[in-house]
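The data below hold one chain only, encoded as structure tokens and taken in the form predicted alone.
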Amino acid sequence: MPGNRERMNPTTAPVASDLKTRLDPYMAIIGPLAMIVMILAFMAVMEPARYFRLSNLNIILLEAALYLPMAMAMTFVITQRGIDLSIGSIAALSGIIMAFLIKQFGFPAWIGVLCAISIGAGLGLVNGLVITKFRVPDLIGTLAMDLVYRGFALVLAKGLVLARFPDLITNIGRGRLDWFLPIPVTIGLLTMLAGYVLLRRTHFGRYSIAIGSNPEAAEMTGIAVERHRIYAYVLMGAMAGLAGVMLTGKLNAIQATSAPYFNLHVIAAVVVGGTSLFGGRASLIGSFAGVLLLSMMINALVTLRIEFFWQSVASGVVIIASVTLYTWLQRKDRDGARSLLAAARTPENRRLLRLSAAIVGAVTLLLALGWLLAGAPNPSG
């Protein structure tokens, strides 16, 4: 009898509930961490000597650092049920204006950096006003503004590549402190730490989650929904401006067509890290893990000498798998499943788990296939 079994095991439900409570804060990073472990295991078999050397680790960290500030800000935007597709053009336009101020008008480098971040924040403010005041959907509004900002960058640069910047700019992009992490990695980690404090310790973080969960209910409780959405876009713009400075320093050059895929890369990292596209769920630790995962995956594909097109295929498959997983988790929470294992036992979710396993297997197969098609490694490489 079910009732007798419950009486015979009075501690089962509390233990399961306690386990679920302990695991819930870490659910967002389980997915990206599992994929990171898979990449490490795969590369340990395919290219251990090249992938695990210290110089390659430095390359992965520098690549991830460029996206960390934007991933932090995008976490707040997506948590509020928003999206920003203009961050690549904001980064490029901010970098170009900074370059003109330094190279043609003789401004000190530090003033150019502050201007780039301020310009990014201003462009983010424009995005927020377009979305909240003119009632333009986030997707359409930021896509349109992406075209506007990119057009301004093209008009200003006139096809020029602006290069050779002062040491302050190059240090921000690729410098290293003595006996410490590279400067861009330090900047990325500090922005993530600041974002974590914002999310967990301030009204802005709590309001962002409330707005994403139910904007109407949040407004009825007295939260200034439109104002806080504008704040999120201003923060996003400022971090895109900072990324423009970091990109300029990394390459020691900037042009109007720079940063074309920033938006897709950052959104992918945040979604892979467990922040829900439907709002109300945020994880900055997950966003950090998502940025690291994508940087490791792209670096692995480059190490295996796989063409750029295969990199795009693998990135798209990872995004689909992640959105599928977190959509399922959200439905599980909504349906009131008492634990992850209980939800996984339903026939529908078993099919989803098998599909996710098939997708992960397909990514692994693509990696192996691309490595084989690339041919034998070049000894000089």
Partner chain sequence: MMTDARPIVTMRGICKRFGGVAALTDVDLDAYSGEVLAVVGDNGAGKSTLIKILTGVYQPTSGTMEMDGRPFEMNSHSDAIARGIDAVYQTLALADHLDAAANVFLGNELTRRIAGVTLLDNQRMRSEAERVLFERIGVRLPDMNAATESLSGGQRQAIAIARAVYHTDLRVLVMDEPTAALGPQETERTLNLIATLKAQGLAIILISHSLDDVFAISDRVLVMRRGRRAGVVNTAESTRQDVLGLIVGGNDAW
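In this text the structure is predicted, and so the values were computed from the model without any measurement. Numbering follows the first chain given and starts at 1.
Beyond what is shown, the protein has a form predicted in complex with the partner chain; the following relates to that form.
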(request) Choose from 122-130, 215-223, 294-302, 233-241 the stretch whose residues reach within 4.5 Å of the partner chain in the predicted complex, heavy atoms counted. (result) 215-223
(message) Whether Pro182 contacts the partner chain in the predicted complex should be assessed with a 4.5 Å heavy atom distance threshold; does it?
(response) no
(request) Please run the contact check for Leu143 against the partner chain in the predicted complex: heavy atoms, 4.5 angstroms, yes or no? (result) no
(request) Examine His203 and determine whether its closest non-hydrogen atom to the partner chain in the predicted complex is within 4.5 angstroms. (result) yes
(request) Answer yes if any heavy atom of Tyr207 is within 4.5 Å of a heavy atom of the partner chain in the predicted complex; otherwise answer no. (result) yes
(request) Find the only residue in His265, Arg150, Lys250, Arg281 having a heavy atom within 4.5 Å of the partner chain in the predicted complex. (result) Arg281
